[in-house]
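Take a look at this single chain, the form predicted alone, given in structure tokens.
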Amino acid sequence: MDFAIILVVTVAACFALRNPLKACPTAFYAAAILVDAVYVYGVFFGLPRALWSPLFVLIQKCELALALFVVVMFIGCLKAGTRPYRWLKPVRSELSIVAWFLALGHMAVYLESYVPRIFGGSEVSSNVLGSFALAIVLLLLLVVLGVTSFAFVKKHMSTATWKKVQKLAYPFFALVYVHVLLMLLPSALHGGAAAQASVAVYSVVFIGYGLCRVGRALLDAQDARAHERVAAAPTVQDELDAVFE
């Protein structure tokens, strides 16, 4: 249930901080890197409980980065021209970059913990192997999507290529859901109430996104066909010209 609260607060923060983020994105990137540095320090050297507890939820469990990615993805479900779309669309890349930095801190620590278990010669469960393989795929997708979100990188890419690369966000988001299920389902299937609640919340978010995105694509296609019909329809002048020919 932590994620539901974090997501609501994140959505509110994205709306409230939109102007500062657009005006000075590097400050937010630096803040995300600083949070990562404090988190990594805490993993290896320890931190006071009051500081570690929020970092554990926000960074180690990757819930803040995931909440930001959810906002980024759902922006694509909004109808173009609506106030929420016009407000958030200009900072979509900036939001994804902040989420990217936060996710890198989470993934770096977890991959560092997986590597000795995988390559240390000890017996490893199939669940751990599957999670590790999926984490590598997610890391590669994350790096590609994150790097190409920077304006100076986008500037050196053709529009068509950039759009194709950014479509990797769809398999990335789907695989994040699979990753979450791999982490939570064993406990949920054994009666863990917290895990069951988390699976329910994540499922509502991810499946809800899939339905909303498909719905938006269908509505956009319908609108495009309607505009084509209007453009192709003869005007009054066309009809008059036909009469007097």
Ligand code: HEM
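All values derive from a computational prediction rather than experimental measurement. One-based numbering along the sequence shown.
One more form of this protein, predicted together with the ligand, exists but is not displayed; see below.
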{"property": "Stretch in contact, per heavy atom within 4.5 angstroms of the ligand in the predicted bound form, of 143-151, 157-165, 80-88, 102-110", "result": "102-110"}
{"property": "Partner proximity in the predicted bound form: residue 35 to the ligand, non-hydrogen atom cutoff 4.5 Å", "result": "no"}
{"property": "Touches the ligand in the predicted bound form: residue 209 (any heavy atom, 4.5 Å)", "result": "no"}
{"property": "Exercise: residue 135 in contact with the ligand in the predicted bound form, heavy atom 4.5 Å", "result": "yes"}
{"property": "4.5 Å heavy atom contact, residue 202 and the ligand in the predicted bound form", "result": "yes"}
{"property": "Residue (of 129, 174, 75, 139) lying close to the ligand in the predicted bound form, criterion heavy atoms within 4.5 Å", "result": "139"}
{"property": "In the predicted bound form, the residue from 178, 40, 184, 51 that sits within 4.5 Å of the ligand by heavy atoms", "result": "184"}
{"property": "The ligand in the predicted bound form - contacting residues of 39-75, heavy atom within 4.5 Å", "result": "61, 62, 63, 66, 69"}
